[in-house]
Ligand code: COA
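Take a look at this one chain, the form predicted alone, written out in structure tokens.
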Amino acid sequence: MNQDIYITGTGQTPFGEHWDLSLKDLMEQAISKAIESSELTALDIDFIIVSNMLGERTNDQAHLGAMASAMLPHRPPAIRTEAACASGSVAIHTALSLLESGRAETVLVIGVEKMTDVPTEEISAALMGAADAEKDIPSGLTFPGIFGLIANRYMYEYSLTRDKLNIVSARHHENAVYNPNAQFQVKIPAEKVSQSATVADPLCLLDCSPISDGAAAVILSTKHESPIRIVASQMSTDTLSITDRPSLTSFPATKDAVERALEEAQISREDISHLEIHDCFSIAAIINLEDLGYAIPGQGIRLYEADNSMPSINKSGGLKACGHPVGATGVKQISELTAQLKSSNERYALAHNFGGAGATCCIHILENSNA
């Protein structure tokens, strides 16, 4: 970053099934909580960015920037970002660019998704907008199917057993017990994961992140200081379809983005104490840890086999147990890591958020100046 950018406020709704709340209601709740948590007023916000993927399909609502702007008394300029499940982190990345350029001094980023009001098959079809409509959809693939193929290949190449894969979801559910905003605040024994219904062999229901409603908001500022600031923001892209890639067992966009983020922050990965990674499916969590450089290929599961791995991994419960309202996830990660750094008094944390099968990836590194 070419200047200090502070996280001055955060807010989040609980993630889950909110039958009595609209998309607008969720946005309002998260925005109010973010402003209340800060020392700012609504009038200090001079730009808004809304991250959302599915508004047109699930809520018959586009133009969410204008909707969010109308929630503040002075109606600041506002836009919407969309990058599939990476929409939230791309919104953060965009906000940082505005702040670095001087076009804005204080930006509100709000991620929101309302997914439970439509049938599951419609959500599955809508989410395939993050894949290749010419190469992936005609073959009948869904995202569980895509990651089922990835899991099968990974198991073949590295001899990962089904029993070991169970550990990932079990660990994330254990973490979510302590998160009041998590969709599933219950422990799940590891053996129960593979006993749940098969969704796309070898992946079972409990390997998959859920359909969720929710919103998260952060306020970023160059003008108003706080102990937590963002010291790196990097974005990388890859092919939309996995059929155009040389390997199914690694996401090159993650590797590229994390190396550039570490260089930008001028730290090593060993300096990072907390990770929030994109565990849309259990196999993705393992691959992500390898691509982030915390394990060699084939050994990512070892971080889950350790009782107290460092850095911490998805203390929020991750996408799997905290929930995955896709447009809100990347923003929630920043909000969550802000709280983790304040609570632990550690110095650095890293957020990893991708869209599609790793087609768009953002890495953000946060620093706690009080540590």
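Since this is a predicted model, take the numbers as computed values, not measurements. Residue numbers here begin at 1 and follow the sequence given.
Beyond the structure shown, there is the form predicted together with this ligand, which is absent from this document and is the topic of what follows.
Although the partner is absent from this view, Lys320 contacts this ligand in the predicted complex, with a non-hydrogen atom inside 4.5 angstroms. Although the partner is absent here, Pro210 is a contact residue: one of its heavy atoms lies within 4.5 angstroms of this ligand in the predicted complex. Although the partner is absent from this view, Gln266 stays clear of this ligand in the predicted complex, with no non-hydrogen atom inside 4.5 angstroms. This ligand in the predicted complex is approached by Thr120, whose closest heavy atom lies within 4.5 angstroms of it.
Taken together, Tyr294, Ala306 and Tyr348 are entirely out of contact with this ligand in the predicted complex: none brings a heavy atom within 4.5 Å. Comment: 139-147 is the region of 229-237, 139-147, 160-168, 90-98 lying near this ligand in the predicted complex, near meaning a non-hydrogen atom within 4.5 Å.
With the partner removed from view, the residue among Ala190, Val199, Met71, Ala131 that has a non-hydrogen atom within 4.5 Å of this ligand in the predicted complex turns out to be Val199. With the partner omitted here, the residue from Leu206, Val107, Ala78, Ala151 that has a non-hydrogen atom within 4.5 angstroms of this ligand in the predicted complex is Leu206. Applying a 4.5 Å heavy atom cutoff to this ligand in the predicted complex picks out Cys85 as the lone residue from 76-90.
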